[in-house]
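Let's start with one chain on its own, the form predicted alone, as structure tokens.
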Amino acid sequence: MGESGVYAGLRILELGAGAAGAVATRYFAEQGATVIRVESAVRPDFLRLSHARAGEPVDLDAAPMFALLNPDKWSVSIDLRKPAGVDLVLRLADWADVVAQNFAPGAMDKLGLGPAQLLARKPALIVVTSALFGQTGPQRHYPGFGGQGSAIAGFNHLTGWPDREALGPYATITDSLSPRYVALLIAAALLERSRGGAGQHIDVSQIETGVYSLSEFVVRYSANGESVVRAGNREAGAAPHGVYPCAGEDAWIAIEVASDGEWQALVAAMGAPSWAREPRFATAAGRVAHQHDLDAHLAAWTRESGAYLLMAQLQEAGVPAGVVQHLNELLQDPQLAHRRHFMSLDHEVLGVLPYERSGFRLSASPGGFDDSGPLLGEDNDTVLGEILGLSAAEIEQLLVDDVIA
């Protein structure tokens, strides 16, 4: 790790927990950066507890979610409640090019590790903070997660069926969106610094990245007062547009028809049944006006075929269609396999797991991972000894004093 890729030689110190911070720095680890995670054995990252079951002992190194989000990273376990632990992190910040953290605003400032404090110590440093509401404003101290973020940003208002309650998109969507912005901003700040600029603090608000991702709907309201509401699987102007049942258990296909030409292609693929040739379905306006009947007819037809066979048939005919794949089917997907989206890495505790690569490839530096997610404190000796230059006796004393674990 840290030896090849467009970010080989880049040094990142990561302070945080959960997915938002881990995903952002993961891009750089995939491209050769050395990423050191500062963790705590006393208050472990909650992702290390994500596999825990009530009443059973917890192995902090046996959490698949943590491992999958942190390949090619180093782990050092430091107790930040102790001054000696804070001093170690400050020395690691002196080593780093970038310090990334996603704790609640003010948490790191109390320890002397806040953005202003780090930049005063090392002006060339790039410090990025990612919190639900950002570091400023009246709601900055609200300790939320992506579940609340999706609601506050407006995703839930748009997700679900028009006659039912609002639904959150699956998982914590702002936790998934914001790290993409964080990674891009780190890259931009590094470029600025390489051109003679100084270090800087990047303040990312998960809520705002979520709102920005929904800018189309904000613009539509600003332009003409249109308030887009939940529409299930339907899309304005397109019909049919939905998910339809196929032969087999829990098998579905998504079909979209956005033009009369695509509709005629679909009619031909179905063998031109009499219902599809009714005048009310001849135009987009007619199909939209009669979507309920259209969906019922189409579902009766799709139900007779296997999802993958039907997808191939419709795509060949020029009709946009895709199987609703289960997670286990993604692992067998030929397109993903061709691009080596999943890499198999052997984790010391969990065994061989499929690790995802990012969705892009650089021609001169395709990227990838060599090592599975680190065990808690696995790299204490390397980080403290080789990077900070501590002796074996000094490291042993830190263990005795419970500064590291």
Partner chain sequence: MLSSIRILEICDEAGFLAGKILGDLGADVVKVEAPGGDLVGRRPPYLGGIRDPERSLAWLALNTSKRGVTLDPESSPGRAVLQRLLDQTDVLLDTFAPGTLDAWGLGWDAMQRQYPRLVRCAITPFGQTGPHAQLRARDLVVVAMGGNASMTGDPDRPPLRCTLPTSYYHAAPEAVLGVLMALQARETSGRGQLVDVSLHECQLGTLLGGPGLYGNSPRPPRRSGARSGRTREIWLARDGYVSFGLRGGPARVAGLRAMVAWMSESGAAPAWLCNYDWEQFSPATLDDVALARLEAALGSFFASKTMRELYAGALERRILLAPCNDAREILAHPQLRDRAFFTTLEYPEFGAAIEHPAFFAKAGGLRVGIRRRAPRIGEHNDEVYRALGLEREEIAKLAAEGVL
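Positions refer to the first chain, counted from 1. Predicted, not measured: the structure shown is a model, and the values here were computed from it.
Another form, the form predicted in complex with the partner chain, is not on view; read the next lines as being about it.
- For the options Asp87, Glu235, Asp293, Glu278, the one in contact with the partner chain in the predicted bound form, meaning a heavy atom within 4.5 Å, is Glu235.
- Of the listed positions (Glu192, Asp109, Asp94, Glu304), a single one reaches within 4.5 angstroms of the partner chain by any non-hydrogen atom in the predicted bound form, namely Glu192.
- Between 246-254, 94-102, 71-79, 268-276, the stretch whose residues reach within 4.5 angstroms of the partner chain in the predicted bound form through a non-hydrogen atom is 246-254.
- Looking at Asn380, you'd find every heavy atom of it more than 4.5 angstroms from the partner chain in the predicted bound form.
- In the predicted bound form, the partner chain sits within 4.5 Å of a heavy atom belonging to Pro64.
- Using a 4.5 angstroms limit between non-hydrogen atoms, Pro354 touches the partner chain in the predicted bound form.
- Although the partner is absent from this view, Thr283 stays clear of the partner chain in the predicted bound form, with no non-hydrogen atom inside 4.5 angstroms.
- Site residues Pro143, Ser176 and Leu330 are all in contact with the partner chain in the predicted bound form, judged by any heavy atom within 4.5 Å.
- Taking the partner chain as positioned in the predicted bound form, the residues of 159-191 that bring a heavy atom within 4.5 Å of it are, in sequence order, Thr159, Gly160, Trp161, Asp163, Arg164, Glu165, Ala166, Leu167, Gly168, Pro169, Tyr170, Ala171, Thr172, Ile173, Asp175, Ser176, Leu177, Arg180, Tyr181, Ala183, Leu184, Leu185, Ala187, Ala188, Ala189, Leu190, Leu191.
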